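First comes one chain, alone, set out as structure tokens in the form predicted alone.
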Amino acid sequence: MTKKRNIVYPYIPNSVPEIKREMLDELGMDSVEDIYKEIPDRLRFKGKMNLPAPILSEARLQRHVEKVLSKNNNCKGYISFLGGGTWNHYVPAVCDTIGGRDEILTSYVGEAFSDHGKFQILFESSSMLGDLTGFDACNTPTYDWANAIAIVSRMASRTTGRKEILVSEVTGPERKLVNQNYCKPDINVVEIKFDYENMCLDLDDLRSKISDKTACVYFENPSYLGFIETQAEEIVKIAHEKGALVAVGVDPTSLGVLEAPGDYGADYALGELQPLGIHMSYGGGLGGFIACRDEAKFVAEYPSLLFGVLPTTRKGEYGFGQVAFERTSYGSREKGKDFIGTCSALHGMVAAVYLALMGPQGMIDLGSGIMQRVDYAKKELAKISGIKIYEGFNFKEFVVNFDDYGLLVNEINNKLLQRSIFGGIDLSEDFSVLGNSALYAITEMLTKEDIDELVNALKEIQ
């Protein structure tokens, strides 16, 4: 009879049988199964999961993973017009160099490790995001943009004592769903209509819905559809007249050319860090931020970590540390403003590297270059028979209508894939009012020749 071999998995800590037995004895348990005994039988999976056998060799594991990943198509081999929350921006080499340093890549929050400047990087990241958005205070990263909206909704509710959030219907669909789920059960989320004729928020609908119950009005500028909100100041005025706060969702790459939310009176600015030197990663590589004025009524409601700078006991020396730590669930689980877990501090640090490298003029050049490319793409696509481009001012993204083109968006995208082009996001389900339309994104990674290749492809596959 062959003796069963005990396998020690190199990627699972404490899997040596003797150590595992010692840990179980310390806990007073007979087996690992005892850890899960409180989980009722009805919630337990019955049967065997369809998983491959473990690969114990690192070299073979690497080869296996690379083989699986090779089935994917990516933006290195394809021209991409996809956006909607994750975009193909250039990642400078220095972002990977700094972000890949061991003391930054592996350190958890910084609490139990020697700091190596991590607190300073997070402080600088928050400071530069504050400069971009026109605010004084900015938090360490949330999970993503959607999480940032949800956190601001609850922050605004606590600040005002009100239980209603008004949200533009032209908000990223996934972001909208996350916010609705996070606000349950005590905060009511109401949608504000979008004026699809002028491609701006419907102010009449806003006026009819805002009341003394409204804690906050949220809209995105540019919107999910890429349209620049030209009525931002009026929206802020309407909200403030009713005692409501205003939160603006922003793409940070737009703030080199668009006015900062803090400058037109908004109370919060929030958005996505991914464009700031962070690689796309199967829809990931995300991290959200929230900025506001440095006033106690706003700052006191942050559930996330904040970093500040102050003089030390040594004359002329400054240190970086956490601000009002007791607010957080780390400081007091039962009294924390909101619960937060491990978020995206690494991405916040990479964003600091990117912003420091770009500087103010770099952000202006980036935004200007994107807008020039968008303008060229809109004009060239509008010349194709059966294609309609919606009027309006756009940044990075715009809507292309194919009602008279003869093919559905998914059919068009399949034909474009055969030409190594990722077409735009199909809007027919989430924005049916726009008909057979797609959302196209243009970043600094696309050249005139790339756009011309799309135009020629659409002419040929029609």
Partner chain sequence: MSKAYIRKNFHEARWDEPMIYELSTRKTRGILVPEVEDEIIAEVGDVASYLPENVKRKTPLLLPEVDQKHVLAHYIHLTQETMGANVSNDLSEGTCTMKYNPRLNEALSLNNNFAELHPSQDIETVQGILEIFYKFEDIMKEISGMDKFSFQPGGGNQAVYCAASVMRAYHESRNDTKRDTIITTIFSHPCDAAAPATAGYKVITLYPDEKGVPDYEALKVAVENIGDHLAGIFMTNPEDIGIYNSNVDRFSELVHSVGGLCYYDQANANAFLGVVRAREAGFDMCHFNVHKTFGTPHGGEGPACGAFGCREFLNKFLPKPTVEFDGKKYYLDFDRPESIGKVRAYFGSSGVILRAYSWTMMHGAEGLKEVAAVSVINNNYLEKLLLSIKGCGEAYLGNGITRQEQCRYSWEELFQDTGVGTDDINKRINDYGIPWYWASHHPWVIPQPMTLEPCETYSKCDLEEYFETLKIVAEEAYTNPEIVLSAPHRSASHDIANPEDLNDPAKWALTWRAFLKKHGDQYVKVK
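Numbering follows the first chain given and starts at 1. Here, rigid core means the biggest group of C-alpha atoms that superpose within 1.5 Å across both forms. Small disclaimer: the values here were computed from a predicted structure and weren't measured.
Another form, the form predicted together with its partner chain, is not on view; read the next lines as being about it.
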Among 196-204, 238-246, 175-183, 212-220, which stretch has residues whose heavy atoms lie within 4.5 Å of its partner chain in the predicted bound form?
175-183
Quick check on this chain: which one of Val250, Leu355, Ile79, Ile389 has a heavy atom within 4.5 Å of its partner chain in the predicted bound form?
Leu355
Within 4.5 Å, heavy atoms only: does Gly265 come near its partner chain in the predicted bound form?
no
Look up in the predicted bound form whether His279 has a non-hydrogen atom within 4.5 angstroms of its partner chain, and give yes or no.
yes
How about Leu408 - does it come within 4.5 Å of its partner chain in the predicted bound form, if we only consider non-hydrogen atoms?
no
Residue-level question: is Glu169 within 4.5 Å of its partner chain in the predicted bound form, judged on heavy atoms?
no
With the partner left out here, which residues of 28-63 have a non-hydrogen atom within 4.5 Å of its partner chain in the predicted bound form?
Met29, Val32, Asp34, Ile35, Tyr36, Lys37, Glu38, Ile39, Pro40, Arg42, Leu43, Arg44, Phe45, Lys48, Met49, Asn50, Leu51, Pro52, Ala53, Pro54, Ile55, Leu56, Ser57, Glu58, Leu61, Gln62
Would you tell me if Asp404 moves between this form and the one not shown by 2 Å or more at its C-alpha, with the rigid core held superposed?
no
If you line up the core, does Glu18 shift 2 angstroms or more at its C-alpha between this form and the one not shown?
yes
